[in-house]
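Only one chain comes next, encoded as C-alpha cells, the form predicted alone.
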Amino acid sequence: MDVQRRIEAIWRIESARLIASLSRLTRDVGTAEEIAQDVFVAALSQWPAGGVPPNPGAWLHTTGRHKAIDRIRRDRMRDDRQIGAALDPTLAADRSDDDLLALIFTACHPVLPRESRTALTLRLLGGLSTDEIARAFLVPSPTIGQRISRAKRTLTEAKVPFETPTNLGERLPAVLEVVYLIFTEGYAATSGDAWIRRDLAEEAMRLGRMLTGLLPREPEPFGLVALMELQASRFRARTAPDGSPILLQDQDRSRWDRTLIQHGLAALDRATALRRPLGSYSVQAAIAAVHTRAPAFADTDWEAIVALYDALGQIAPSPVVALNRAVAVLHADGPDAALTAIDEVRTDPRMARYHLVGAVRGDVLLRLGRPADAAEELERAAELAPTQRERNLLLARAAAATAL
C-alpha cells in the first residue's frame, strides 16, 4: 500500500474520534472539522517524506490539540481550563468514547433537516469526503457541500451544546433513523441504475456497530445492527450477473453470507437479552431472522411473520408496514385475504407514488387468475419505480402476465 492510501485508511479510522475530541475543546463542530481537515493536510504533506509515525493516531490527536489551542488563542477565546484540557492527552483519551457519542448526537440533532443529518453524519463520523457523499447519493458535489455547510452553521447559530443528551430515549431514535436511512439507500437505491450500493450499506453497518459499543445497555442499536447485517447477508444473492434484481423467493440461499447471518443473530440475541421493551428495529430484525432460518422460501414460517408485523404495527404503525404485512398474509392465508389487506393500504395518500403497492397487488391479482388486471397494475408500478433495474423487472413481469 502506498503512503497516501495508507494515510487515507488511517484517516478513515481516526477522523471521527479526532473531530469528536476537537469539538469538545473548541465547542463548535464546524471549527473542529476545519481543524481536523488541517491535520489531515499536514499528514499528507509530512508523512510521505518523513514516514508514517509509529502511532499515527496519537500524532493526529496531538497535532489536532495544538492546532485547537492556536485557534482558541487566535480567536481570542482563551480559556485556561479549555487550553489545559487540550494539552492533556490522558484526559482526551479518557473522554474518547464520551466525545464520540456526543458527536453522533450532535450530527443527528433534530434542529437539522433529515438530509443534512445524513450528509453531516457521513462527513464527520464516516470520514467521507464531500465528493464521496455526492457520488453515493448521485447528487452534485456542491449540493452536498452546501448541506454540510448549512448544517454546521445551523448548529452554531442554534447554540447546540456538544454533549450526550440526558433525554437519551427521546434523541436516540433520530440517530438510529439516520444510520438506517444510509443503509436502506445502499440496500435498495432510490436513484440511479444500480439496485445495491454496498459502500453505503457497509458504512451504515460500521456506524451501527460503533453505536452498540458506545451504548451497550440500549437494545435498539443492537436491533438495528441485527437488521442491517441479516439484510446485507443476502447481497450476493440479490442481483444477477447483469445487475438485475433477484427477488427473495428466487434467491440461491447458499450464496447468503453465513458470517453476517451469525453476527446478525448474535446482535438480535443481545438486544433481547437486555430484557427491555424491543423497538421497531429489533422487531424488524426478528422478521429478517425468520427468513434467514428457513432453509428454502417454501419453509418460511409466514404465520410467525404475520404476528411479528402485527407487533410492529403497534410499535411503529405505517402504510409500508401494513403493505409488508399483506405480503406475509398472502403466503399465510392466501391471495383473497392479501388483496383485502392491500386495498386497505392503497387508499392511503402516502402510498400514491409508492411503486411496491402495484408490484405486490399485481402479484396477488396474478395468483387470483386475473392476468390482464395484474399486467395493468405492474405497468403502473414500473412507471413509479425509482431505478431502471426495477422498472425493467416490473415490465418483464407485466409482459409475462399479458402472455398468459
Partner chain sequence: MRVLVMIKGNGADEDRIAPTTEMLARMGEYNEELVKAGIMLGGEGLKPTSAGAKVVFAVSGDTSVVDGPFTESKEVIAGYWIWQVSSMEEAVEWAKRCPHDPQFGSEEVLEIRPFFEMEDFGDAMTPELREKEEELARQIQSQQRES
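Numbering follows the first chain given and starts at 1. Since the structure is predicted, the reported quantities are computational estimates derived from the model, not experimental observations.
There is another form of this protein, the form predicted in complex with its partner chain, and it is not shown here; the text below is about that form.
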Tell me which of 308-316, 158-166, 133-141, 206-214 has residues with heavy atoms within 4.5 angstroms of its partner chain in the model of the complex?
206-214
Is every one of R5, E202 and R236 in contact with its partner chain in the model of the complex, taking contact as a heavy atom within 4.5 Å?
yes
Residue-level question: is Q249 within 4.5 Å of its partner chain in the model of the complex, judged on heavy atoms?
no
Although its partner chain is absent from this view, report whether E14 comes within 4.5 Å of it in the model of the complex, heavy atoms only.
yes
Applying a 4.5 Å heavy atom distance criterion, does R275 contact its partner chain in the model of the complex?
no
Using 4.5 Å between non-hydrogen atoms, is E229 touching its partner chain in the model of the complex?
yes
Pick from R255, R114, R73, R153: which residue has any heavy atom within 4.5 angstroms of its partner chain in the model of the complex?
R255
Within 4.5 Å of its partner chain in the model of the complex: residues from 343-365 (heavy atom criterion):
none
